[in-house]
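A single chain, nothing else alongside it, follows as structure tokens in the form predicted alone.
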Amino acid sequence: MFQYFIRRILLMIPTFIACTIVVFLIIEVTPGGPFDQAIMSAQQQQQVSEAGGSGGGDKGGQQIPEEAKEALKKYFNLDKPLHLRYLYWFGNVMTGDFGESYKYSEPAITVISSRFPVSIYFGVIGFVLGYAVCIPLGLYKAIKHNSVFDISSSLLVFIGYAIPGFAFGALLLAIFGRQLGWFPIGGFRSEGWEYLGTWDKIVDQLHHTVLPIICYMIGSFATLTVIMKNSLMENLGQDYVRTAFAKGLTERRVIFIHALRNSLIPIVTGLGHAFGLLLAGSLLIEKTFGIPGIGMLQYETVLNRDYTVIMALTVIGVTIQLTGNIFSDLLYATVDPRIRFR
């Protein structure tokens, strides 16, 4: 199994390179990048200057001198062939240099690191609460299959599955934010939060957390609950469970000691993907609630064509996802001793 994980780790290298090459090529062929924006900005400034100096000036303005264009190309590293530009960028990334954000005029990694704590805060809480609620709920639904509780809770589960998290968030904001005024209508913290007392900080943070967390949970709530229920019901019908009952073991021991562990395997296999999502943030939910997290940053960087930040986010996202997949395999082998990767 050790050799398997070594191969998986080595396989991360070409996978990482392939993903970054694809994103890099898309960025390079997409018009309207930082170079084009710089040219347009210079032309607009030139037109304004000519209009102010001549009382109107030529409406089309003059062309940017070739020397200025060449200087801009050199600044944006466009004076080199495409493959050399990628190698230059890749070499800088390997040294920890992700470049400088065109919009914020700060290192790209600084811009990202300032948003990470927000997404991690909501992601971790939603992740923990989601599993803490869904696993016991799915377990109890399997035990009480076809009961009133199972049928009524299934109705709620599938309603939650049908409603997108961001749409449910808009509904919660309209009811509990605007109409009732119980929660703020957006943001991560209130203005002037740093000047509040300790208890007031906690209360304010909780007020800004409740509604987004509900939306974070609703996305995986139905899926995890159904997977847990179906997996446990399948294991309860296996021969080893019937054998355990035949030996005189109690129902509680059979379910929680024997069947539950095997039933957790489908849940564990998705942990790596969930781990990547909780760090990546949710664009639509963060946009709905005005949360300045990684999801919102991705949205802003695409709109502003801030390519250095986009590439930095790509590097971090791919690394997290690949690491999360290996982490899932480790948990898979831990939960089920029969699993031996070769």
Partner chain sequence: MASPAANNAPTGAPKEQGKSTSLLQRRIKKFKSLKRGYYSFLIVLGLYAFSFILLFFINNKALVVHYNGEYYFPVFKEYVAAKTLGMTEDGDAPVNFRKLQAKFEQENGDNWLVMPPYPWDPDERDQETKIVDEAGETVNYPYPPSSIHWLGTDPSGRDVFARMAYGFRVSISFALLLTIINYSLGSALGGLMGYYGKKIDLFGQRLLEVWSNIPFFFLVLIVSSIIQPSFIILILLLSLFGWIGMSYLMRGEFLREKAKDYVSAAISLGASDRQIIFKHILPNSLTPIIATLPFAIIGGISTLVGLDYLGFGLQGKLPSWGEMLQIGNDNKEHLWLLLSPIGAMFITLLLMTFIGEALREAFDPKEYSRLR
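Numbering follows the first chain given and starts at 1. As the structure is a computational prediction, the values presented were derived from the model and not from experiment.
Here the subject shifts to the form predicted together with the partner chain, a form of this protein not shown in this document.
Participant: Quick check on this chain: which one of Ile143, Val93, Leu137, Ile125 has a heavy atom within 4.5 Å of the partner chain in the model of the complex?
Facilitator: If I apply the 4.5 Å criterion carefully, the residue I get is Ile143.
Participant: Scan Ala174, Val210, Ile202, Leu82 and let me know which has any heavy atom within 4.5 Å of the partner chain in the model of the complex.
Facilitator: So the residue touching the partner chain in the model of the complex, by this definition, is Ala174.
Participant: So in the model of the complex, does any heavy atom of Gln298 sit within 4.5 Å of the partner chain?
Facilitator: Gln298 belongs to the contact set for the partner chain.
Participant: When the contact criterion is heavy atoms within 4.5 Å, does Arg178 count as touching the partner chain in the model of the complex?
Facilitator: Arg178: yes, in contact with the partner chain in the model of the complex.
Participant: Does Asn230 reach the partner chain in the model of the complex if we count a contact as any heavy atom within 4.5 Å?
Facilitator: Asn230: yes, in contact with the partner chain in the model of the complex.
Participant: Even though the partner chain is not shown here, does Thr308 get within 4.5 Å of it in the model of the complex, heavy atoms only?
Facilitator: No.
Participant: For the partner chain, considered in the model of the complex: do all three of Glu106, Phe256 and Leu260 come within 4.5 Å of it, counting heavy atoms only?
Facilitator: No.
Participant: Heavy atoms within 4.5 Å of the partner chain in the model of the complex: which of the stretches 106-114, 233-241, 210-218, 193-201 has them?
Facilitator: Looking at the other structure, the answer is 233-241.
Participant: Are there residues in 309-328 with a heavy atom within 4.5 Å of the partner chain in the model of the complex, and which are they, in order?
Facilitator: Ile310, Leu313, Thr314, Val318, Gln321, Leu322, Asn325, in sequence order.
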